[in-house]
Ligand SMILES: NC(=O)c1ccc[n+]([C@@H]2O[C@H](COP(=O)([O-])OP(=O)(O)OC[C@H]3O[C@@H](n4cnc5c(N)ncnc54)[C@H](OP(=O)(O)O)[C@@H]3O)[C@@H](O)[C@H]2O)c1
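One chain comes next, on its own, written out as structure tokens in the form predicted alone.
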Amino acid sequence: MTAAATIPGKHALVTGGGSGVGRAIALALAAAGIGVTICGRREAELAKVAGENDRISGIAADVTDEAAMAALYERAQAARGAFDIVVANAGMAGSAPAHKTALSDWQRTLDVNLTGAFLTVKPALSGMAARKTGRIVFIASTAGLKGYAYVASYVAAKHGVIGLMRALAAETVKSGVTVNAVCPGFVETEMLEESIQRIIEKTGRSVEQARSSLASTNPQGRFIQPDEVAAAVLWLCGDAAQSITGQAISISGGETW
């Protein structure tokens, strides 16, 4: 039986849905028959993704703004029903030695990656528990499972996301709601290209050298593709994964487990 046959007719929220992994997840869920609301800060990017499947609609919102997320929930659920699935994907990353990391950069990284993840899922929790069904998926990172140099704030934030996931899984375990995290290594997205450009600017390496240095963290010697992450999320949202909760699933070619 295909994934599309197992989970039609539901409503999902995907944050950071205007590009990269979020776009891939939104398209995969929509292809499975799920109505998808995507959010992000760039309306043009949201509209572009929504134009790729008529089950997708976009609402501009900042995940770090609690009032904005409450308004998104009110508008989206009034139009398409309660969220059955929430995918907290929005994120950002920068890099600097820890001793050179400005407090403002540290705080912004935690605000987007950790607090934003919490504000994304918080409005869904009581309703899912009352209905005794729901799927919450955090898009974390291998940086939530191990340390990396020069990205202390990102590593701290993603470790926090894993802790948040485990806490919510424990709270909801009797309710029919599952809470999990998907932890990819370097994914071939716009964010990866930004990382490559930072390496080039700071080290003088070529594009090929910068790409090779990042790809080498994966024992398979390759970058993860957005569709691979989307496939894992789609599986976690289906009936076959109803016993999977509290898990941090590494998609990293064996880098972490």
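Just so you know, these numbers come straight off a predicted model, no measurement behind them. Numbers for residues come from their place in the sequence shown, where the first is 1.
Here the subject shifts to the form predicted together with the named molecule, a form of this protein not shown in this document.
Problem set entry | Heavy atom contact within 4.5 Å of the named molecule in the predicted complex, the stretch among 138-146, 122-130, 77-85, 170-178 | Selected range: 138-146.
Exercise. Applying a 4.5 Å heavy atom distance criterion, does Val63 contact the named molecule in the predicted complex?
Worked result: Answer yes; at least one heavy atom of Val63 falls within 4.5 Å of the named molecule in the predicted complex.
Exercise. Do Thr189 and the named molecule come within 4.5 Å of each other in the predicted complex, heavy atoms counted?
Worked result: Residue-level check for Thr189: yes, a contact with the named molecule.
For this session: Answer yes if any heavy atom of Arg41 is within 4.5 Å of a heavy atom of the named molecule in the predicted complex; otherwise answer no.
Result: Heavy-atom contact with the named molecule at 4.5 Å: present for Arg41.
Exercise. Is Ala90 one of the residues lying within 4.5 Å of the named molecule in the predicted complex, judged by heavy atom distances?
Worked result: Answer yes; at least one heavy atom of Ala90 falls within 4.5 Å of the named molecule in the predicted complex.
For this session: For the heavy atom contacts within 4.5 Å of the named molecule in the predicted complex, list the residues of 150-185 involved, in sequence order.
Result: Sequence-ordered list: Tyr154, Lys158, Pro184, Gly185.
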